[in-house]
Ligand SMILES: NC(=O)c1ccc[n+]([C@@H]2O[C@H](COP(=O)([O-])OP(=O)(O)OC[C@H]3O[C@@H](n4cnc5c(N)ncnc54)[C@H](OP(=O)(O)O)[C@@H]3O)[C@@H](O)[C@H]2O)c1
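Heads up, the chain below is alone and in the form predicted alone; it's given as structure tokens.
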């Protein structure tokens, strides 16, 4: 039986962890869970799919990996503090994916970090300014327009670059 071609991977799973945890109240087990789900697991998935992704790219098919991350993973954009678990997990994902983009460039595999915006979901809440439909439409546009020259960039749903 022939292996299925994989040309696009979108990592959209993530967890926030306990909210409102302050310095001095951090729980190691909860932190490790957030780091595992948000940072380690997406790269383990890519590692498992890498032979198929490389084969697809080598056959001349456009191949891309997109990671949903968060502006909260930007060190330069952190002006409010707090949210240690989620911020550190997303910053770790961003750093790892930036390295992945550099490492996979020779294979012709495009890699992208996407911030969906503050979205009206169970995580974002009803007060968030973006609907799911608006965010997804923008994210799909960003995925479709990704070129090798843009691989490794950190952008939001509208295409605006986010500082590291």
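Remember, predicted model here, so these are calculated numbers, not experimental data. Positions refer to the first chain, counted from 1.
Keep in mind that the form predicted together with the ligand is not shown, yet the notes after this line are about it.
- Using a 4.5 angstroms threshold between heavy atoms, residue 124 counts as touching the ligand in the model of the complex.
- Among heavy atoms of residue 152, none comes within 4.5 Å of the ligand in the model of the complex.
- When the ligand is considered in the model of the complex, residue 140 lies well away from it, no heavy atom lying within 4.5 Å.
- Under a 4.5 angstroms non-hydrogen atom cutoff, the ligand in the model of the complex lacks residue 17 among its neighbouring residues.
- Proximity to the ligand in the model of the complex, taken as a non-hydrogen atom within 4.5 angstroms, holds for one residue of 49, 37, 105, 43, which is 37.
- Of the stretches 65 to 73, 24 to 32, 50 to 58, 105 to 113, only 65 to 73 has residues with a heavy atom within 4.5 Å of the ligand in the model of the complex.
- Shown without its partner, the chain has 86, 90 in segment 83 to 111 as residues with a non-hydrogen atom within 4.5 angstroms of the ligand in the model of the complex.
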